[in-house]
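Given next, in structure tokens, is a single chain: the form predicted on its own.
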């Protein structure tokens, strides 16, 4: 069995406010294995980024985090900030959505890479510079020896994102979290960034968590998929199993909204309504108000959470019935609720 690098169990994040407590993440559990790419998808506000910021220990002090996050055998929930600084960048690293906010505009990219390397390694500047040049070469920066002394504004958006990736992998982290790293890029550059991440995974064995709204991107890079809604995992499994046989109506709606070769002359699925407020969570399926297959059981109790041990797990009262349907993607095109 492939080594498990990251183990998350019953992770919960609450944000106290003047109006009440926002339950942003509710009992998320999953495993991440060496060399694996785990995709996480869902609408804005579903808890994707908060889950991973909690793993990184980057949430504000007001956030209340519970549950367990282990890198190898090391528990990191509840660690002091100075302890997390030793872990971040060395054992786990993150690529943020906007590379310009991750780079200091008054320092060269080479200086920033050297600083990142020397923060976790006792090495001389010359050795760190050589390592930085190698990293720029690895992520596909042309003429890395010359570009080492360039400033962030002298790079295109795609090249800045590659520099950020180089910074993230500078100390050979076991786990790399990529939070929508291709959202602001055009299709050609997006493909180059994805190819860079794939090459890093192959050459270093780094496990990757890839957060995105674009299911099409995950089809070409991910091994497994977590679908999140209202702070919970509502479906998980191998990328092919979930794409070929989705069993949660929310997942079916997301997949049906993707334009494809057969989309010409056909209306794409539309999931009506909006995600619920997580300030007053009821004991019911949170997707029920938007679900065309909702029945009384869906509003009577919330489905059991998806366990990491499930090969294909679904948090839905009607999962067995949906699995037997021959044309699942038509359910969002029905006029009447079943």
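Positions refer to the first chain, counted from 1. Keep in mind that what you see is a predicted model, and the values were worked out from it rather than measured.
This next part talks about the form predicted together with a small molecule, which is not shown.
In the model of the complex, the small molecule lies within 4.5 Å of some heavy atom of residue 46. In the model of the complex, the small molecule sits within 4.5 Å of a heavy atom of residue 22. At the 4.5 Å threshold, heavy atoms of residue 273 stay clear of the small molecule in the model of the complex, well away from it.
Within this chain, residue 50 lines the site of the small molecule in the model of the complex, having a heavy atom no more than 4.5 Å away.
Segments offered: 281 to 289, 304 to 312, 38 to 46, 64 to 72. Contacting the small molecule in the model of the complex at heavy atom distances within 4.5 Å is 38 to 46.
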